[in-house]
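The data below hold one chain only, encoded as structure tokens and taken in the form predicted alone.
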């Protein structure tokens, strides 16, 4: 159950990051609610997940989901550059998080 909370926390972090991007382009109530709501719920789920998952693992997974997810959202919805180097770096993040989980 805690792993599901952690994954949900990571996905909601992506929503918070989308809110940051939207606020940067148009600072209105809707975009601020997306930003604050996404991060607020994400942090709450992360706290719950950390009750049983070790801190280093939980934080690495949470930031990894957020980092890779935000990069994918940026490439798909915000027309940010796509390159094999960026994709390779995202794979590096994923392998690092999986490796950290395997050794912990």
Partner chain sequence: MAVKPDKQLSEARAWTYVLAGGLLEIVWASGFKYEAIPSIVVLVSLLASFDLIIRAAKVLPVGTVYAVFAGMGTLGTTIVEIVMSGGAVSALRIAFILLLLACIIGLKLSSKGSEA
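A quick note: this is a predicted structure, and the numbers were derived from the prediction, not measured. Numbering follows the first chain given and starts at 1.
Not pictured, yet referred to below: the form predicted in complex with its partner chain.
Q: With heavy atoms only and a cut-off of 4.5 Å, decide whether residue 37 touches its partner chain in the model of the complex.
A: Judged by the heavy-atom cut-off of 4.5 Å, residue 37 is well away from its partner chain in the model of the complex.
(Q) Given that its partner chain is not shown alongside this chain, does residue 103 nevertheless sit within 4.5 Å of it in the model of the complex, heavy atom to heavy atom? (A) Close contact exists here: in the model of the complex, residue 103 approaches its partner chain to within 4.5 Å, heavy atoms only.
Q: Check whether residue 27 has any heavy atom within 4.5 Å of a heavy atom of its partner chain in the model of the complex, and answer yes or no.
A: Judged by the heavy-atom cut-off of 4.5 Å, residue 27 is in contact with its partner chain in the model of the complex.
(Q) Against its partner chain in the model of the complex, would residue 47 count as a contact residue? Criterion: heavy atoms within 4.5 Å. (A) Output for residue 47 is yes: heavy atoms within 4.5 Å of its partner chain.
(Q) Just to make sure I understand: among 60-76, which residues lie within 4.5 Å of its partner chain in the model of the complex, judging by heavy atoms? (A) Residues within 4.5 Å: 60, 61, 62, 63, 64, 67, 68, 71.
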